[in-house]
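Below sits a lone chain in structure tokens, taken as the form predicted on its own.
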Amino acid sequence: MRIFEETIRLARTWSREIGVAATIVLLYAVLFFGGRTYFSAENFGDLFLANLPVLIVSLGMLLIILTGQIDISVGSQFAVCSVIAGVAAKAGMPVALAGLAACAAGALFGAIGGGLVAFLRIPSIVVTLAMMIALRDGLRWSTQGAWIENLPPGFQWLSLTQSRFTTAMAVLAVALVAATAAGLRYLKAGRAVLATGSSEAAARITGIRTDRVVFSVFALTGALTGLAAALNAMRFHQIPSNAGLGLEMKVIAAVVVGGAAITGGSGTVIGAVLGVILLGSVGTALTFLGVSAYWEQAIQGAIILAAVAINLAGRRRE
């Protein structure tokens, strides 16, 4: 009896994540009967690398949304950090330092936005919208739309083979996911993030410096965006100056589809990961099933609306 009750309790606790996982299983079942070539190792490797930046940035976006804020400038940050990594590598900087330069630039952008939101109390949607436009237009003006070319030989794939690079990135992704989940669950800082989003006033009463919490999650998300940009740039011979278009919508959608409350205080890392897997699989799945790719955004939009509706219904029942 106790086992049954515990199973019911866990099912209720993880209902949103279970729903997303079930949708992924259903999608893959359809693909199994309609396009088995989807399950090739090569396709899964390409799919993983294509969605790795979304996964990394989603971990940071989850923290921001948990505090009740939002950042729609990550796509523009991603573009700038990609170019910085490429320019640094061309200037003779070791690949590792070029990646660190991208992370530092991202952290700086995040800190600027976080500071305006946390300490000047400007709404995050306003701050990050302004940064999104300023960074994108500033990059377009400085590069004149030109791509970064003639990258050093050791830049692509980190001088590894593509298969070894994919394996290394898989290990890194698991480490980042595990660290984020452990931090939210076991660290005081993680509990402060959840408390800030649940009730900022109550968090302040308990002694939590909510302004520092908000500032920190924005800076951390910026650093993760820089890391994602550098790793993505290492896949190619050239770096486009318009990278990251639509990235902000992908990561926000993945976090929300994974069950995070857009109002803050509720969400899980596993939910965000499942959201990335689901939304990242849709486009490729349509191609393998012979469906027009123009349906991708419509299907993703329907998934997002369904996730938000389920989330709101669940909160009302609570």
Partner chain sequence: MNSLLKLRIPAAARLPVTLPLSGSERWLLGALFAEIVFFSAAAREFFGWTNFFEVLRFSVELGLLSVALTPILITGGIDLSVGSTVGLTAVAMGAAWRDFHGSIAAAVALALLVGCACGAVNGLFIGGLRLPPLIVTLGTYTLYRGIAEGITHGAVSYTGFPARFLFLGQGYLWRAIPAQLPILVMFAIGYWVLLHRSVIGRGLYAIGLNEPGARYAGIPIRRHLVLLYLLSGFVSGLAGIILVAHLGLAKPDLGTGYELEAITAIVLGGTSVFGGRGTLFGSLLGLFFLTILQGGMHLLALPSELTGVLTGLLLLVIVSLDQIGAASRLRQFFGARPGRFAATRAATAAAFVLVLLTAAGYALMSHSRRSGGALASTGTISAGRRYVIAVMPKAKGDPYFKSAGAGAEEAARELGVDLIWDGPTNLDPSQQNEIVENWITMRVDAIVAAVANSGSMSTVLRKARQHGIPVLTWDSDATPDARDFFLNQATPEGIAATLTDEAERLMPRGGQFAIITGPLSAENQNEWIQCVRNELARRHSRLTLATVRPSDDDRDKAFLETQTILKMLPNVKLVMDLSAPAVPGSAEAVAQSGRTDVDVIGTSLPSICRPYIHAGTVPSIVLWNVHDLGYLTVYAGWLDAQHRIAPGSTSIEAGRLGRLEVRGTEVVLGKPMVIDKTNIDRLNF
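Every value quoted in this text rests on a predicted model; they were computed, and no experiment measured them. Under this definition, the rigid core comprises the largest set of C-alpha atoms superposing within 1.5 Å between the forms. Numbering follows the first chain given and starts at 1.
Although not depicted, the form predicted in complex with its partner chain is the subject of the following passage.
Student: Select from the listed residues R235, R191, R212, K90 the one whose heavy atoms reach within 4.5 Å of its partner chain in the predicted complex.
Tutor: Only one listed residue qualifies here, and that residue is R235.
Student: Go through L97, A170, L129, A111 and name the one with a heavy atom inside 4.5 Å of its partner chain in the predicted complex.
Tutor: Checked against the cut-off, the match is L129.
Student: Please tell me whether any heavy atom belonging to L184 falls inside 4.5 Å of a heavy atom of its partner chain, as the geometry stands in the predicted complex.
Tutor: Taking the distances in the predicted complex, the answer for L184 is no, it never comes within 4.5 Å of its partner chain.
Student: Spell out, yes or no, whether the shortest heavy atom distance between M249 and its partner chain in the predicted complex is within 4.5 Å.
Tutor: M249: yes, in contact with its partner chain in the predicted complex.
Student: For T268, is any heavy atom within 4.5 Å of its partner chain in the predicted complex, or not?
Tutor: T268 lies outside the contact set for its partner chain.
Student: According to a 4.5 angstroms non-hydrogen atom cut-off, is V291 in contact with its partner chain in the predicted complex?
Tutor: Within the cut-off, so yes.
Student: From the candidate stretches 191 to 199, 101 to 109, 171 to 179, 121 to 129, select the single one in contact with its partner chain in the predicted complex, where contact means a heavy atom within 4.5 Å.
Tutor: Heavy-atom contact with the partner occurs in 121 to 129.
Student: Cα of A21 displaced 2 Å or more between the shown form and the other one, core superposed?
Tutor: After core superposition, the displacement of the A21 C-alpha between the shown form and the other one stays below 2 Å, so no.
Student: Since the Cα-Cα distance for I303 and I65 shifts by 3 angstroms or more in the predicted complex, is it a contraction (closer) or an expansion (farther)?
Tutor: Compared with this form, I303 and I65 lie farther apart in the predicted complex.
Student: Regarding I304 and T263, go with closer or farther for their CA spacing in the predicted complex versus this form, the difference being 3 Å or more.
Tutor: Pair moves farther apart in the predicted complex.
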